[in-house]
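Next up: just one chain, as structure tokens, the form predicted on its own.
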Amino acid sequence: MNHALDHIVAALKAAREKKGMSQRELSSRTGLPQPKISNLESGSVDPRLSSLVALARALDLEIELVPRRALPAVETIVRSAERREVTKTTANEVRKLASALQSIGRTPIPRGIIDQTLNQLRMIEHFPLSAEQLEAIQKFNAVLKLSDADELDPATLNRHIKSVSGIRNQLAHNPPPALPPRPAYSLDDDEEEEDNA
């Protein structure tokens, strides 16, 4: 495969996997045969531009030519959009858990601890979580969904409450890195300077 296209093909494969989409599903959306998608992703064939565009669009992506000096600005915007999407996913999962916690009646855990956990969840929902942290939230949610309030095991409930506290502490002491600051100039300023030179 052409090494210049490796990063595009790798990004398309990562986007497919992130969406939980199989090659067969992507094939049905694009009209490209599944074996061709497999060969593209493995690097055993050189992709045609039309194939790359079809795959990208099926994955809600666009392939666009960007002036090289504009690339840092575009990359910053893309990272920002990705981070907002991750934060949105986190917020949805955390809100589901908070709602489930609020709706349980009698619990083997004192109500004050439940309220403290709800406060921690309100803080957590504003941060993107790692895959491991998100999985812990989802597991807690599954436990609450599958159990009646009377069947909740105190040890299990305590373990999940401690996991929420642990996530909150990790975020408080090691917050995710901030996005890089935006430049204090626009790209239009650079073009004017070049035109005047």
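Residue numbers run from 1 along the displayed sequence. Keep in mind the model is a prediction, meaning the values are calculated, not measured.
The next section is about a form of this same protein that is not shown, the form predicted together with the DNA.
The candidate site formed by Pro67, Lys162 and Asn169 is entirely out of contact with the DNA in the predicted complex, as no residue has a non-hydrogen atom within 4.5 angstroms of it. Not displayed here, the DNA is kept clear of Asp60 by more than 4.5 Å at the level of heavy atoms in the predicted complex. Within 4.5 Å of any heavy atom of the DNA in the predicted complex lies no heavy atom of Lys145.
Taking the partner from the other structure, the DNA in the predicted complex has a heavy atom within 4.5 Å of a heavy atom of Val45. In the predicted complex, no heavy atom of Asn158 sits within 4.5 Å of the DNA.
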